[in-house]
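Just one chain follows, in the form predicted on its own, and it is written as structure tokens.
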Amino acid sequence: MNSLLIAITLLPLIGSLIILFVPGSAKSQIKGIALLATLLSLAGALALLGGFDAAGKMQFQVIKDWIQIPAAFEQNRMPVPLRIGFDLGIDGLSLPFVLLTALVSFLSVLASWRVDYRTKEYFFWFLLLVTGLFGVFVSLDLFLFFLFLELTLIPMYFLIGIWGGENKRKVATKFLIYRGFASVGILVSFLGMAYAAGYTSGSMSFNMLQIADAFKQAGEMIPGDYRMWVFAVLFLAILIEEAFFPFHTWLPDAHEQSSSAVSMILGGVLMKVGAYVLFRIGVGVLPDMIAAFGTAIAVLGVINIVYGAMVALVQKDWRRLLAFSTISHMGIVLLAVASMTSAGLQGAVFMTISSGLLSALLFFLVGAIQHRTGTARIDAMGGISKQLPVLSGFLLAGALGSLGLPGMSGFVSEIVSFMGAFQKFPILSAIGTLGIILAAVYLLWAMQRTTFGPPGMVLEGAQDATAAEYVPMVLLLAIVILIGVYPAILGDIMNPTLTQLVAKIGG
């Protein structure tokens, strides 16, 4: 089963390499290879789920030496060796993200079926992006993690810059600059952690589990100022990576200019990498710093909740509205994590996974409607439910899930997150609940303008949802409802890991 983790990660890469040898005119074959590669990865991820032991420990580990330097630096005139490993593994925190990546990437390939412009290059870059995403969530070595993170940058740059909208090149460059700065911050913080862990243990390694143990056991050997600066750099990088206020401006532009399939993978998975870094590295290695700056992080979370919701209120484009809605929802993650409580961490992970599923669903639906109407502008549509009843119905269901309707994943996520946050920040949490009210206002207002009321356009010959479109719509909505009705299906996977994490940090 351990080799299955490698297979899941490398299958999209193998698919992309095979595509290189297929003639560009064989578009059906290229799409079939991409679909098969992501389908096999999804099957592998489900096999991992079937064999997963929900005991909270790291599983399916692959530990291989990769780069070794006998004397990376000196300590008391003694050489300190450096080890970089090809270390993979999953636990209850990373498995939900692996499953999310497998599902959304497979459905995104289905959503990309209409791509006929430079098809070969499109699916080559798309599969490389998926490889990077899998690698990020299964890496146990910080250096390897960084390499996979970098592997996501260039493919997304081309996917926006070539197959995007009118301002695609400008927006793609903006995306690359922002995410590039975030990567630099992440790399600097990783080097700082590895150096400090090596300095205290006498052996430098990028294995994140060893670094976490070293930081926990080293105690006062790592000066507080040093830990603070490492955390500050890491947290700044997370703010940019996750598009938190005030570093959020690239996200609405990227969603507005991206195709629906690229928006699905961007909003559904890539945008969750920053949150994963916060959980895995921030909470796992530097929990004392999150506790020390908890109030400031909570304030920033509330600003994101309220600011994102208020800006979403005035958006005239569905894609930009959903982007600001994501910023608002991910603000709840910041607020919940800042509490450093068991409920807060569980709610934050719930919210991240739920946001990924709902983002993928909503961006797919908006793309499908835009394909028929020629626009994503809210004020240009109206009454489309008469001509597109199925798509409108699923859009309404997705919007209700996003605003936290009971019985859907968004409701569970918000309840658990705010339960954890109220324990530490009752006033800030009360202010943060304004975001739930505002979400109901802007989403229902947009739905009313789009699907009901007087028709804004005549869609002659427009077909409602096709058979192929039912697959992503039904699958994503079914999982959103399943988590909402039976949250233990996700909670049983991640709770033992989060409970152990909270026990280690004394939460």
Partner chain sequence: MPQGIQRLDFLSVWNVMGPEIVLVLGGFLLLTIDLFMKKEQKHILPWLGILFFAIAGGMVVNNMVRLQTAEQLQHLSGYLYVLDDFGNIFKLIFLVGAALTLLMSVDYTKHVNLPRGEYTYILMFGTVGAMVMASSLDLITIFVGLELLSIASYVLVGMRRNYAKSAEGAMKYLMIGAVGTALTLYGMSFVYGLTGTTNIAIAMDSVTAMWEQFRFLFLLSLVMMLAGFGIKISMVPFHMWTPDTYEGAPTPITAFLSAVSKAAGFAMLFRVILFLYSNFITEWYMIVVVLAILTMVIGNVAALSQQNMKRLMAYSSIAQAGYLLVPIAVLGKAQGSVNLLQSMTNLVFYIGIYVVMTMGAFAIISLVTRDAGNEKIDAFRGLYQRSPYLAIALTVFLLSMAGMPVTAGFFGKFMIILGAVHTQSLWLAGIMFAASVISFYYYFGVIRVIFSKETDGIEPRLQTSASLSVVIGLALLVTVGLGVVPDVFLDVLAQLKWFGPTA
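All figures in this text were calculated on a predicted structure; none of them were measured in a lab. Positions refer to the first chain, counted from 1.
Not on display, but discussed next: the form predicted together with the partner chain.
Report task. Spot the stretch among 172-180, 324-332, 270-278, 417-425 with residues whose non-hydrogen atoms come within 4.5 Å of the partner chain in the model of the complex. Result -> Residues of 172-180 come within 4.5 Å of the partner.
Query - Contact test, all of Q68, E150 and Y226, partner the partner chain in the model of the complex, heavy atom 4.5 Å - result: Yes.
**Report entry** 4.5 angstroms heavy atom contact with the partner chain in the model of the complex for G192
**Finding:** Within the cut-off, so yes.
Report task. Find out whether any non-hydrogen atom of F245 is located within 4.5 angstroms of the partner chain in the model of the complex, and reply yes or no. Result -> F245: no, not in contact with the partner chain in the model of the complex.
Query raised in the report: Does the partner chain come within 4.5 Å of any heavy atom of L187 in the model of the complex?
Result: Yes - in the model of the complex, heavy atoms of L187 and the partner chain come within 4.5 Å of each other.
**Report entry** Contact label in the model of the complex: D317 to the partner chain, heavy atom within 4.5 Å
**Finding:** Because no heavy atom of D317 falls inside 4.5 Å of the partner chain in the model of the complex, the answer is no.
Query - Contact residue in the model of the complex, from F394, F143, F215, Y122 (heavy atom within 4.5 Å of the partner chain) - result: That would be F143.
Query raised in the report: Heavy atom within 4.5 Å of the partner chain in the model of the complex: which of A72, L405, L434, L313?
Result: Selected residue: A72.
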